[in-house]
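Before any questions on how it binds or moves, here is one chain, the form predicted on its own, in structure tokens.
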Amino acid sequence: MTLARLHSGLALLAQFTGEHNSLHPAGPQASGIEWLYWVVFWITFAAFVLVVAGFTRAAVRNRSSTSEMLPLVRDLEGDRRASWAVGTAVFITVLTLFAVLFMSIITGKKVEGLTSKNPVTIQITGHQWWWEAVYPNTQADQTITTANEIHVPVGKPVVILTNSADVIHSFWAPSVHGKRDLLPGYSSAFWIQIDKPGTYAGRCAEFCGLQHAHMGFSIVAEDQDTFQRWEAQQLKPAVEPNSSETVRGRQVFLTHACVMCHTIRGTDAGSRMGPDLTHVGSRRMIAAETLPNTPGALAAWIIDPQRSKPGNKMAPNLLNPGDLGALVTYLGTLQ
């Protein structure tokens, strides 16, 4: 119960930070959710003001010193008026609750009502503790696989297919859509649309283990031309090393534990346990939005990932400085 309350409080606080803000909608679904939020807020604010005003009025009218004992007076007319007032308040409250329920249903229908004949489709799979994003295609060589950084075209409906590889996760980008649970063994789908270019942060919104708080992702919304260039780049295999340093880095990758968990298309590395690293150098962040994608942060992550995310499933890699530097240089060229 304590963890659940702490998580709820942190989630609420996150809404009002620059990183997560459900009150700055970027698309039609988030706009509908924001509208419902403000309707409920002003209704509850009005109820709060009326209750405080009622208590204040009663306190002022019946004010007395502590030494006085108020007489017990039987006032049938006053009791009758009070009963009518309470009954009216209860009726208005129930009517308001039904109105909010009706508006919630209408908003839910609008949020789910987005359709398109040729949408972009993205398969999102939650892992402890990172996100796999696959852009499926009937041609296997045209399928894009990336991690934690989801690119979408501006103004175009996108279908998000969800699944979980282990435990329950929840996909939540406050500026884009409401929370969607990812259940092991169960697939679901929903639509999103982003009308403003930019990068929108998201988080797992269902406690899923030790590093739940470090299970982030970002949605990058860009114009159609930029998105198509990104797609074309992602479809390419990894670039060939063009220096002795990067040749050494690739060799380090292929002869150490890295090759057991990761894929780099165009090489012998083809494992699917961890994120696809074919274009890791083009990503803004690493470790599910935990660290910036800089040489120093990448080196620290490779050597001792448990220091940044205790309990994550990546093992330490005790490389000598020369091999580590070459590996970081090679990964940085994978744009």
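Keep in mind it's a predicted model, so treat the numbers as computed, not measured. Residue numbers here begin at 1 and follow the sequence given.
The same protein also has a form predicted together with a small molecule, omitted here; what follows describes it.
By the 4.5 Å heavy atom rule, the three marked residues H151, V159 and L161 all fail to count as contacting the small molecule in the predicted bound form. Mapping the unseen interface onto this chain, L23 falls outside it, with no heavy atom inside 4.5 Å of the small molecule in the predicted bound form. Although the partner is absent here, R203 sits far enough away that none of its heavy atoms falls within 4.5 Å of the small molecule in the predicted bound form. Shown alone here, A326 lies farther than 4.5 Å from the small molecule in the predicted bound form, counting heavy atoms only.
Under a 4.5 angstroms non-hydrogen atom cutoff, the small molecule in the predicted bound form has P275 among its neighbouring residues. Distance criterion of 4.5 Å from any heavy atom to the small molecule in the predicted bound form singles out A257 from the list L183, A257, L114, I144. In short, of 170-178, 127-135, 217-225, 93-101 it is 127-135 that has heavy atoms within 4.5 Å of the small molecule in the predicted bound form.
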